[in-house]
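The C-alpha coordinates that follow cover one protein chain in two forms, given apart as structure 1 and structure 2.
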Structure 1
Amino acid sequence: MNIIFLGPPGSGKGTIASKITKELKIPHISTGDLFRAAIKEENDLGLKIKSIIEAGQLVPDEVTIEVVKRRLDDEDTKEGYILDGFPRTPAQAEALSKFSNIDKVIDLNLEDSEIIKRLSGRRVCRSCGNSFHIDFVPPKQADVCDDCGGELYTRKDDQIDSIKTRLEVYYKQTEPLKKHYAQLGLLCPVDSTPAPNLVLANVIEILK
(Lines of atoms letter the chains of each structure in order from A and count residues from 1; the text may use other names and numbers.)
(Lines give C-alpha, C1' and ligand atoms only; values in the text may rest on other atoms or scores of the structure.)
Protein backbone atom coordinates (compact mmCIF):
# COMPACT_ATOMS: atom_id res chain seq x y z
CA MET A 1 0.00 0.00 0.00
CA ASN A 2 1.29 3.47 -0.94
CA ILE A 3 0.30 6.03 1.68
CA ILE A 4 0.76 9.79 2.00
CA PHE A 5 0.73 11.55 5.39
CA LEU A 6 -0.57 15.08 4.84
CA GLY A 7 -1.16 17.63 7.59
CA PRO A 8 0.31 20.84 8.99
CA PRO A 9 3.69 20.97 10.73
CA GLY A 10 3.53 19.36 14.15
CA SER A 11 0.26 17.52 13.49
CA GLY A 12 1.94 14.20 14.35
CA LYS A 13 2.85 12.88 10.89
CA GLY A 14 6.25 11.59 12.01
CA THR A 15 4.96 10.19 15.31
CA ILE A 16 2.17 8.16 13.72
CA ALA A 17 4.04 7.20 10.53
CA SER A 18 6.94 5.79 12.58
CA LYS A 19 4.49 3.39 14.26
CA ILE A 20 2.60 2.45 11.07
CA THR A 21 5.88 1.59 9.33
CA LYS A 22 6.44 -1.20 11.89
CA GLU A 23 2.81 -2.35 11.70
CA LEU A 24 2.72 -2.62 7.88
CA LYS A 25 6.45 -3.40 7.37
CA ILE A 26 6.82 -0.76 4.67
CA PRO A 27 9.39 2.09 4.74
CA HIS A 28 8.66 5.46 6.30
CA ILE A 29 10.04 8.11 3.94
CA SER A 30 10.14 11.59 5.49
CA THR A 31 11.45 14.35 3.21
CA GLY A 32 12.25 16.39 6.33
CA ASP A 33 14.39 13.50 7.67
CA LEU A 34 16.13 13.05 4.28
CA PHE A 35 16.94 16.76 4.19
CA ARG A 36 18.14 16.85 7.82
CA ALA A 37 20.44 13.85 7.08
CA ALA A 38 21.92 15.75 4.11
CA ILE A 39 22.51 18.80 6.32
CA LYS A 40 24.21 16.63 8.95
CA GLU A 41 26.48 15.09 6.29
CA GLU A 42 27.23 18.59 4.96
CA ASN A 43 26.95 17.24 1.39
CA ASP A 44 26.04 19.46 -1.63
CA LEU A 45 22.31 19.05 -1.05
CA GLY A 46 22.66 19.79 2.67
CA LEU A 47 24.67 22.98 2.11
CA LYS A 48 22.12 24.17 -0.47
CA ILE A 49 19.03 23.68 1.72
CA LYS A 50 20.20 24.37 5.32
CA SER A 51 19.16 28.03 5.50
CA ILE A 52 15.85 27.35 3.68
CA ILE A 53 14.83 24.69 6.22
CA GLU A 54 15.90 26.68 9.27
CA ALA A 55 13.80 29.63 8.05
CA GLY A 56 10.75 27.36 7.64
CA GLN A 57 10.48 27.81 3.86
CA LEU A 58 10.05 25.00 1.33
CA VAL A 59 12.97 23.43 -0.52
CA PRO A 60 12.51 24.08 -4.29
CA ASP A 61 10.19 21.63 -6.04
CA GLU A 62 12.76 20.35 -8.57
CA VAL A 63 15.22 19.42 -5.78
CA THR A 64 12.56 17.76 -3.61
CA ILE A 65 10.97 15.83 -6.48
CA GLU A 66 14.35 14.41 -7.55
CA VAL A 67 15.15 13.29 -3.97
CA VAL A 68 11.81 11.48 -3.61
CA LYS A 69 11.86 9.98 -7.10
CA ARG A 70 15.27 8.45 -6.40
CA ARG A 71 14.19 7.14 -2.99
CA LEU A 72 11.08 5.50 -4.47
CA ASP A 73 13.31 3.62 -6.94
CA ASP A 74 14.84 1.71 -4.01
CA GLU A 75 13.96 -1.98 -3.76
CA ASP A 76 12.38 -1.67 -0.27
CA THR A 77 9.46 0.41 -1.63
CA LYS A 78 8.17 -2.33 -3.95
CA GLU A 79 5.57 -3.58 -1.42
CA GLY A 80 4.53 -0.04 -0.49
CA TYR A 81 5.69 3.02 1.42
CA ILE A 82 4.63 5.87 3.67
CA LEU A 83 5.45 9.34 2.35
CA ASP A 84 5.61 11.80 5.25
CA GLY A 85 5.74 15.46 4.21
CA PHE A 86 5.60 14.90 0.44
CA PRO A 87 3.92 16.19 -1.66
CA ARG A 88 3.59 19.73 -0.27
CA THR A 89 2.83 21.66 -3.46
CA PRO A 90 0.60 21.05 -6.50
CA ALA A 91 3.76 20.63 -8.66
CA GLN A 92 5.03 17.88 -6.30
CA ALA A 93 1.62 16.12 -6.36
CA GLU A 94 1.57 16.22 -10.15
CA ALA A 95 5.13 14.86 -10.41
CA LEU A 96 4.34 12.06 -7.93
CA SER A 97 1.29 11.00 -9.94
CA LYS A 98 3.61 10.42 -12.91
CA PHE A 99 6.01 8.08 -11.11
CA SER A 100 3.80 6.28 -8.54
CA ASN A 101 0.22 5.38 -7.59
CA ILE A 102 -1.25 6.44 -4.25
CA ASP A 103 -3.77 4.29 -2.33
CA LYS A 104 -4.62 6.52 0.65
CA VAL A 105 -3.91 10.02 1.93
CA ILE A 106 -4.03 10.31 5.73
CA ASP A 107 -4.82 13.94 6.53
CA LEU A 108 -4.00 14.78 10.17
CA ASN A 109 -5.90 17.84 11.44
CA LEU A 110 -4.94 19.99 14.43
CA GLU A 111 -5.67 23.54 15.65
CA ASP A 112 -2.85 26.09 15.22
CA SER A 113 -2.73 26.83 18.97
CA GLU A 114 -2.09 23.11 19.67
CA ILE A 115 0.49 22.95 16.85
CA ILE A 116 2.48 25.76 18.46
CA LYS A 117 2.44 23.97 21.84
CA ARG A 118 3.51 20.67 20.25
CA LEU A 119 6.36 22.14 18.19
CA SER A 120 7.76 24.43 20.83
CA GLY A 121 7.95 21.49 23.29
CA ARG A 122 9.29 18.95 20.80
CA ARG A 123 12.68 17.30 21.40
CA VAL A 124 14.30 15.12 18.72
CA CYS A 125 16.97 12.43 19.09
CA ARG A 126 20.25 13.40 17.40
CA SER A 127 21.07 9.72 16.72
CA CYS A 128 17.85 7.97 15.64
CA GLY A 129 15.53 10.94 14.91
CA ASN A 130 12.78 9.83 17.34
CA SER A 131 10.48 12.63 18.46
CA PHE A 132 9.42 13.41 22.05
CA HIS A 133 7.55 16.23 23.79
CA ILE A 134 8.51 17.71 27.15
CA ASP A 135 4.88 17.48 28.41
CA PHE A 136 2.86 15.24 26.06
CA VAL A 137 5.37 12.49 25.13
CA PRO A 138 8.15 12.91 27.71
CA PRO A 139 11.28 10.75 27.60
CA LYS A 140 11.88 8.59 30.68
CA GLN A 141 15.06 10.59 31.39
CA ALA A 142 15.24 14.30 30.47
CA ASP A 143 17.11 14.98 27.20
CA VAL A 144 17.86 11.27 26.59
CA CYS A 145 16.20 9.13 23.89
CA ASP A 146 14.23 6.16 25.32
CA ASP A 147 15.10 3.97 22.32
CA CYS A 148 18.81 4.52 21.65
CA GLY A 149 20.10 6.69 24.53
CA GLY A 150 20.98 9.52 22.09
CA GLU A 151 20.92 13.19 23.05
CA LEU A 152 17.63 15.08 22.52
CA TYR A 153 17.73 18.55 20.92
CA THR A 154 15.35 21.29 19.77
CA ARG A 155 15.14 21.71 15.98
CA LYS A 156 16.13 25.22 14.75
CA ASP A 157 12.85 25.43 12.82
CA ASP A 158 10.91 24.83 16.06
CA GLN A 159 11.61 28.44 17.16
CA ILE A 160 8.40 30.49 17.19
CA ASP A 161 9.28 32.62 14.10
CA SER A 162 9.97 29.55 11.98
CA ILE A 163 6.84 27.80 13.26
CA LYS A 164 4.72 30.79 12.13
CA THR A 165 6.40 30.81 8.71
CA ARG A 166 5.86 27.05 8.34
CA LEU A 167 2.17 27.44 9.15
CA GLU A 168 1.77 30.26 6.60
CA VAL A 169 3.57 28.16 3.97
CA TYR A 170 1.37 25.16 4.82
CA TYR A 171 -1.92 27.07 4.41
CA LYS A 172 -0.80 28.71 1.18
CA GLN A 173 0.97 25.86 -0.62
CA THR A 174 0.02 22.51 0.94
CA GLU A 175 -3.54 22.77 2.21
CA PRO A 176 -4.93 23.09 -1.36
CA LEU A 177 -3.78 19.48 -1.91
CA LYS A 178 -6.60 18.30 0.36
CA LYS A 179 -9.14 19.30 -2.31
CA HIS A 180 -7.09 17.57 -5.01
CA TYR A 181 -6.93 14.26 -3.10
CA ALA A 182 -10.57 14.53 -1.97
CA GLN A 183 -11.60 14.81 -5.62
CA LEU A 184 -9.62 11.64 -6.33
CA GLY A 185 -11.47 9.91 -3.44
CA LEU A 186 -8.23 9.28 -1.54
CA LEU A 187 -8.41 11.77 1.34
CA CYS A 188 -8.94 10.28 4.83
CA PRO A 189 -9.25 13.05 7.46
CA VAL A 190 -8.12 12.16 11.01
CA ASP A 191 -8.44 14.34 14.12
CA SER A 192 -4.96 14.52 15.63
CA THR A 193 -6.06 16.16 18.90
CA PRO A 194 -6.32 12.96 21.04
CA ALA A 195 -3.34 11.14 22.54
CA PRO A 196 -0.94 9.42 20.06
CA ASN A 197 -2.27 5.89 20.73
CA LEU A 198 -5.84 6.95 19.93
CA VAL A 199 -4.78 8.74 16.74
CA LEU A 200 -2.77 5.64 15.78
CA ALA A 201 -5.78 3.36 16.36
CA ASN A 202 -7.93 5.56 14.09
CA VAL A 203 -5.32 5.51 11.34
CA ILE A 204 -4.92 1.71 11.58
CA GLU A 205 -8.71 1.33 11.27
CA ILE A 206 -8.70 3.45 8.10
CA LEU A 207 -5.84 1.47 6.57
CA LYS A 208 -7.47 -1.95 7.21
Structure 2
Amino acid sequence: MNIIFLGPPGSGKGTIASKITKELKIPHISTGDLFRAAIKEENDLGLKIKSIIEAGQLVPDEVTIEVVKRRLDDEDTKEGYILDGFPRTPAQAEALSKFSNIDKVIDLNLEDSEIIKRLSGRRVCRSCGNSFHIDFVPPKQADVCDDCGGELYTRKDDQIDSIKTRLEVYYKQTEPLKKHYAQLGLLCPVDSTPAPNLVLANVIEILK
Protein backbone atom coordinates (compact mmCIF):
# COMPACT_ATOMS: atom_id res chain seq x y z
CA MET A 1 0.00 0.00 0.00
CA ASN A 2 1.31 3.43 -1.00
CA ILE A 3 0.23 6.13 1.48
CA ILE A 4 0.66 9.90 1.71
CA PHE A 5 0.45 11.83 4.98
CA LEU A 6 -0.78 15.42 4.63
CA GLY A 7 -1.10 18.04 7.35
CA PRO A 8 0.52 21.26 8.55
CA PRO A 9 3.87 21.18 10.35
CA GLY A 10 3.42 19.91 13.89
CA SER A 11 0.23 17.96 13.15
CA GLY A 12 1.90 14.64 13.96
CA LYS A 13 2.66 13.30 10.49
CA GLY A 14 6.05 11.93 11.47
CA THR A 15 4.89 10.43 14.77
CA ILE A 16 1.86 8.63 13.35
CA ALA A 17 3.57 7.58 10.12
CA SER A 18 6.49 6.04 12.03
CA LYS A 19 4.03 3.86 13.95
CA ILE A 20 2.03 2.88 10.87
CA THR A 21 5.21 1.74 9.14
CA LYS A 22 5.66 -0.91 11.86
CA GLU A 23 2.08 -2.09 11.42
CA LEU A 24 2.33 -2.44 7.65
CA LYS A 25 6.06 -3.27 7.47
CA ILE A 26 6.70 -0.67 4.79
CA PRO A 27 9.23 2.21 4.94
CA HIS A 28 8.37 5.63 6.31
CA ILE A 29 9.92 8.13 3.93
CA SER A 30 10.23 11.66 5.30
CA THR A 31 11.47 14.36 2.96
CA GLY A 32 12.64 16.18 6.07
CA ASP A 33 14.95 13.26 6.87
CA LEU A 34 16.12 13.10 3.25
CA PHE A 35 16.89 16.82 3.32
CA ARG A 36 18.69 16.64 6.68
CA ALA A 37 20.85 13.80 5.34
CA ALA A 38 21.84 16.03 2.41
CA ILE A 39 22.52 18.94 4.77
CA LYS A 40 24.72 16.75 6.96
CA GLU A 41 26.84 15.86 3.93
CA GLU A 42 27.42 19.62 3.46
CA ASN A 43 27.54 19.37 -0.32
CA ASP A 44 26.26 22.18 -2.57
CA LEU A 45 22.71 20.80 -2.63
CA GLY A 46 22.69 20.28 1.13
CA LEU A 47 23.80 23.83 1.84
CA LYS A 48 21.14 25.18 -0.52
CA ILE A 49 18.42 23.13 1.16
CA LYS A 50 19.61 24.27 4.59
CA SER A 51 19.28 27.98 3.79
CA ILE A 52 15.78 27.48 2.36
CA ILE A 53 14.48 25.42 5.31
CA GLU A 54 15.89 27.81 7.91
CA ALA A 55 14.02 30.65 6.18
CA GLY A 56 10.80 28.66 6.57
CA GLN A 57 10.37 28.19 2.82
CA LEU A 58 9.79 25.07 0.72
CA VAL A 59 12.59 23.40 -1.18
CA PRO A 60 12.08 23.89 -4.98
CA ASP A 61 9.93 21.25 -6.65
CA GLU A 62 12.56 19.98 -9.04
CA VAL A 63 15.01 19.28 -6.19
CA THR A 64 12.41 17.64 -3.96
CA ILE A 65 10.97 15.49 -6.75
CA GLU A 66 14.36 14.13 -7.72
CA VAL A 67 15.27 13.31 -4.11
CA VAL A 68 11.98 11.42 -3.60
CA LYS A 69 12.06 9.64 -6.96
CA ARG A 70 15.50 8.19 -6.21
CA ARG A 71 14.32 7.01 -2.78
CA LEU A 72 11.25 5.26 -4.22
CA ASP A 73 13.53 3.34 -6.58
CA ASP A 74 15.06 1.54 -3.58
CA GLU A 75 14.21 -2.15 -3.11
CA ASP A 76 12.44 -1.71 0.24
CA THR A 77 9.55 0.24 -1.35
CA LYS A 78 8.37 -2.62 -3.57
CA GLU A 79 5.55 -3.61 -1.16
CA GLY A 80 4.56 -0.02 -0.45
CA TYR A 81 5.67 3.07 1.46
CA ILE A 82 4.51 6.02 3.55
CA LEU A 83 5.36 9.49 2.23
CA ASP A 84 5.63 12.18 4.92
CA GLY A 85 6.16 15.73 3.70
CA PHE A 86 5.73 14.97 0.00
CA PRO A 87 3.94 16.01 -2.12
CA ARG A 88 3.42 19.53 -0.80
CA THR A 89 2.22 21.22 -3.96
CA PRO A 90 -0.08 20.25 -6.86
CA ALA A 91 2.95 20.26 -9.14
CA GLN A 92 4.70 17.72 -6.92
CA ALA A 93 1.55 15.58 -6.83
CA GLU A 94 1.39 15.61 -10.62
CA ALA A 95 5.05 14.63 -10.85
CA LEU A 96 4.55 11.82 -8.32
CA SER A 97 1.64 10.39 -10.31
CA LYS A 98 4.01 9.86 -13.25
CA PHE A 99 6.26 7.42 -11.38
CA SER A 100 4.07 5.98 -8.57
CA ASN A 101 0.43 5.26 -7.69
CA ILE A 102 -1.16 6.33 -4.39
CA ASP A 103 -3.76 4.26 -2.48
CA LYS A 104 -4.68 6.51 0.48
CA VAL A 105 -4.03 10.10 1.58
CA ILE A 106 -4.23 10.63 5.36
CA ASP A 107 -4.99 14.30 6.09
CA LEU A 108 -4.15 15.29 9.70
CA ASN A 109 -5.85 18.49 10.90
CA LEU A 110 -4.82 20.70 13.85
CA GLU A 111 -5.43 24.29 15.01
CA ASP A 112 -2.60 26.81 14.50
CA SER A 113 -2.34 27.63 18.22
CA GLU A 114 -1.72 23.97 19.06
CA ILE A 115 0.79 23.66 16.21
CA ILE A 116 2.83 26.58 17.57
CA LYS A 117 2.78 25.07 21.07
CA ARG A 118 3.91 21.68 19.79
CA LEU A 119 6.71 22.91 17.54
CA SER A 120 8.17 25.69 19.68
CA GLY A 121 8.55 23.22 22.56
CA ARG A 122 10.46 20.65 20.53
CA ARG A 123 14.12 20.00 21.33
CA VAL A 124 16.50 17.93 19.19
CA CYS A 125 19.78 16.25 20.16
CA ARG A 126 22.79 17.59 18.27
CA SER A 127 24.54 14.23 18.53
CA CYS A 128 21.99 11.49 17.81
CA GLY A 129 19.01 13.44 16.44
CA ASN A 130 16.47 12.20 19.00
CA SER A 131 13.53 14.53 19.67
CA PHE A 132 12.04 15.65 22.99
CA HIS A 133 9.38 18.19 24.01
CA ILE A 134 9.49 20.44 27.04
CA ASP A 135 5.81 19.70 27.82
CA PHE A 136 4.95 16.33 26.30
CA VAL A 137 8.23 14.34 26.28
CA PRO A 138 10.67 16.24 28.52
CA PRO A 139 14.24 14.99 28.95
CA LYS A 140 15.22 13.77 32.42
CA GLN A 141 17.78 16.60 32.59
CA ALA A 142 17.08 19.96 30.95
CA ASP A 143 18.83 20.40 27.57
CA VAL A 144 20.50 16.97 27.78
CA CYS A 145 19.59 13.92 25.67
CA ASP A 146 18.42 10.93 27.74
CA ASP A 147 20.04 8.47 25.33
CA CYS A 148 23.47 9.82 24.47
CA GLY A 149 23.99 12.83 26.74
CA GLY A 150 24.20 15.19 23.76
CA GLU A 151 23.10 18.83 23.82
CA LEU A 152 19.42 19.52 23.06
CA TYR A 153 18.60 22.58 20.97
CA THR A 154 15.70 24.32 19.19
CA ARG A 155 15.95 24.04 15.42
CA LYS A 156 15.68 27.37 13.61
CA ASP A 157 12.57 26.17 11.80
CA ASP A 158 10.96 25.48 15.22
CA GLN A 159 11.31 29.08 16.36
CA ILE A 160 7.98 30.95 16.48
CA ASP A 161 8.62 33.38 13.59
CA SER A 162 9.72 30.53 11.36
CA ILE A 163 6.72 28.40 12.41
CA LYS A 164 4.31 31.18 11.40
CA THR A 165 6.08 31.50 8.05
CA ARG A 166 5.89 27.73 7.53
CA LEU A 167 2.14 27.79 8.23
CA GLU A 168 1.58 30.62 5.76
CA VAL A 169 3.50 28.69 3.12
CA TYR A 170 1.56 25.51 3.91
CA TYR A 171 -1.89 27.08 3.58
CA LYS A 172 -0.95 28.85 0.38
CA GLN A 173 0.82 26.03 -1.45
CA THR A 174 -0.22 22.74 0.16
CA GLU A 175 -3.92 23.16 1.03
CA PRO A 176 -4.87 22.81 -2.68
CA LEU A 177 -3.70 19.19 -2.42
CA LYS A 178 -6.76 18.41 -0.29
CA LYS A 179 -9.04 19.37 -3.17
CA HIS A 180 -6.87 17.45 -5.63
CA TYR A 181 -6.91 14.19 -3.67
CA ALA A 182 -10.54 14.61 -2.59
CA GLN A 183 -11.53 14.71 -6.25
CA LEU A 184 -9.64 11.46 -6.76
CA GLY A 185 -11.48 9.88 -3.82
CA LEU A 186 -8.26 9.31 -1.88
CA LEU A 187 -8.46 11.96 0.89
CA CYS A 188 -9.13 10.70 4.44
CA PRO A 189 -9.43 13.58 6.99
CA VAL A 190 -8.29 12.83 10.57
CA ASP A 191 -8.52 15.10 13.65
CA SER A 192 -5.00 15.26 15.10
CA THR A 193 -6.03 16.99 18.34
CA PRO A 194 -6.47 13.85 20.54
CA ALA A 195 -3.61 11.86 22.09
CA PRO A 196 -1.32 10.13 19.56
CA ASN A 197 -2.62 6.65 20.42
CA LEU A 198 -6.18 7.72 19.57
CA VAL A 199 -5.10 9.35 16.32
CA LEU A 200 -3.14 6.20 15.47
CA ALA A 201 -6.21 4.01 16.09
CA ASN A 202 -8.30 6.19 13.77
CA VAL A 203 -5.70 6.01 11.01
CA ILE A 204 -5.33 2.23 11.31
CA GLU A 205 -9.11 1.85 11.02
CA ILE A 206 -9.11 3.95 7.84
CA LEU A 207 -6.31 1.90 6.30
CA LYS A 208 -8.18 -1.34 6.98
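In this text, rigid core is short for the largest set of C-alphas that superpose within 1.5 Å between two forms. Residue 1 is the first residue of structure 1, and the numbers go on in sequence order from there. For clarity, every value in this text was computed on a predicted model and none was experimentally measured.
Novice: Looking at both forms of the chain, which one is the form predicted together with BIS(adenosine)-5'-pentaphosphate (AP5)?
Specialist: Here the form predicted together with BIS(adenosine)-5'-pentaphosphate (AP5) corresponds to structure 1.
Novice: For residue 160, does the CA position differ by 2 Å or more between the two structures when the superposition is done on the rigid core?
Specialist: The answer is no; the displacement is under 2 Å.
Novice: Spell out whether the Cα of residue 117 moves at least 2 Å between the two structures when the two forms are superposed on their rigid core.
Specialist: Shift of 2 Å or more: no.
Novice: Rounded to whole °, what is the turn of the smaller rigid part against the larger between the two structures?
Specialist: Rotation between the two rigid parts between the two structures amounts to 18 degrees.
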